[in-house]
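As structure tokens, one chain now follows by itself in the form predicted on its own.
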């Protein structure tokens, strides 16, 4: 089980975000995605999840994203800045829906994220931290090998953050993989690090997308 990214180059609105980026993850590996704000961490995660287009190649467990996007996405659980919950549904209805969609079990997720106490509460009535807990519980019922996590601990208290770090560790110990964009230390044992460096203004200017130049309107 592995994730291989080769020579990834991505533009957003004609501006180069990163270029020639190559790296790999192996089963059981947690990798911290680091870099200053605006360097492209969220963009990279969305490229890997198949949400944004980029030049280069992404291959997950032998399947290329360019060849079979659906097969790759079926192996990925992506948690972005939004919690991806249905506000009109209760906590129970949200989690039960995800479990039915992904085929997973909800018992461990309910316990680990302390959802029993808000089980019948409409999602729109939950606090920011409760919504985040519910959104992250989706990972546990997805039973997918690759977790792509974009600042997953936002709105979580210290206790829940520590518990979530343990959940990531358990996922990797069971052979899963996690790529986590975060500025904090989650306390994981021997995590790898992928550092994105900001491009200079000169690099941006030299590598502007020719199809989105100032001459195009």
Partner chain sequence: MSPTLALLARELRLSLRSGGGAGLGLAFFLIVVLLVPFGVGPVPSLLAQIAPGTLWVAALLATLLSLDRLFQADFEDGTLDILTLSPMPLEGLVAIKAFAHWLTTGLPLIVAAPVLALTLNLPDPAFFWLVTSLAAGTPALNFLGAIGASLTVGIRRGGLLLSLLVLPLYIPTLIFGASAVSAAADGADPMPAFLLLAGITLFTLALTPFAAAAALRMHMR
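Positions refer to the first chain, counted from 1. Predicted model, so just to flag it, every value in this text is computed and none were measured.
The protein also exists as the form predicted in complex with its partner chain; that form is not presented, and the subsequent description refers to it.
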Report the residue, out of 51, 162, 184, 154, that has at least one non-hydrogen atom within 4.5 angstroms of its partner chain in the model of the complex. 51
Checked 84, 128, 116, 125 for heavy atoms within 4.5 Å of its partner chain in the model of the complex; positive is 84
Residue 110: heavy atom within 4.5 Å of its partner chain in the model of the complex? no
I'd like to know if residue 76 sits close to its partner chain in the model of the complex, meaning any non-hydrogen atom pair within 4.5 angstroms. yes
Even though the partner isn't displayed, in the model of the complex is residue 138 close enough to its partner chain, meaning a heavy atom within 4.5 Å? yes
In the model of the complex, residue 144 touching its partner chain (heavy atom, 4.5 Å): yes
Tell me, please, which stretch of 27 to 35, 56 to 64, 41 to 49, 174 to 182 lies within 4.5 angstroms of its partner chain in the model of the complex when heavy atoms are compared? 41 to 49
Near its partner chain in the model of the complex, with a heavy atom at 4.5 Å or closer, the residues from 10 to 31 are 12
